[in-house]
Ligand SMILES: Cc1cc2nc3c(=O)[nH]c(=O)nc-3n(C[C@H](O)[C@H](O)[C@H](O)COP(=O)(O)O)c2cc1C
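Presented below, as structure tokens, is a lone chain in the form predicted on its own.
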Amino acid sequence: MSVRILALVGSLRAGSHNRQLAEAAVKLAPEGAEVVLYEGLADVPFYNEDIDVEGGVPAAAAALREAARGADAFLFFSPEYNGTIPAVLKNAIDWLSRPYGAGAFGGKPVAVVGTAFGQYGGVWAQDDTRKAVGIAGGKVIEDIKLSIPGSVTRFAETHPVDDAEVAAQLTEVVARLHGNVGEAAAA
């Protein structure tokens, strides 16, 4: 069974270390899994029920929903902005949670990982992301965690895919998320 994992990155910065982690996940995906890095979160307007109407959903939001519906699982990469989840990631969750009762998450497995400059690697933002996506209908796999502290120095000259420790941890994250898709399908 081929598993499609949609990767959503909470940083729009071109040199984002969380984006680099997502790029590494794409390269490190085990056989039978495809990690797809979603492009276009910057184009999705802030969620507003007035524009979330049949026939009037903005194209960028509709494209995000379509990509999410085609996914078997989700892998969020969250930096920490002022101690919490970045707005772009929360906005994506809001769009994917609708229409109410029929959102794109639909009980699909979700893991949240990330890196941040601080000493805890963004754990507050990752916890907030898990909470929001769980409320929005995702099946958050609580024991799949990876918080990498000191991103600015750790990845100053090394891409995460070339950091043996990070590559091994990220490979395990993707493999475990992949395995949870199989478990969900068998249930």
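The shown structure was predicted, so the numbers you read here are calculated from the model rather than taken from an experiment. Note that residue numbering begins at 1 and tracks the sequence as displayed.
Form predicted in complex with the ligand: not shown, discussed below.
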| property | result |
| --- | --- |
| Interface membership of residue 134, the ligand in the predicted bound form, 4.5 Å heavy atom rule | no |
| Partner contact for residue 93 in the predicted bound form: the ligand, 4.5 angstroms, heavy atom | no |
| 4.5 Å heavy atom contact, residue 107 to the ligand in the predicted bound form | no |
| is_contact(residue 113, the ligand) in the predicted bound form, heavy atom dist at most 4.5 Å | no |
| Answer option from 42, 53, 59, 152, heavy atom within 4.5 Å of the ligand in the predicted bound form | 152 |
| Stretch from 27-35, 115-123, 157-165, 62-70 whose residues place a heavy atom within 4.5 Å of the ligand in the predicted bound form | 115-123 |
| Stretch 55-86: residues contacting the ligand in the predicted bound form, 4.5 Å heavy atom cut-off | 79, 80, 81, 82, 83 |
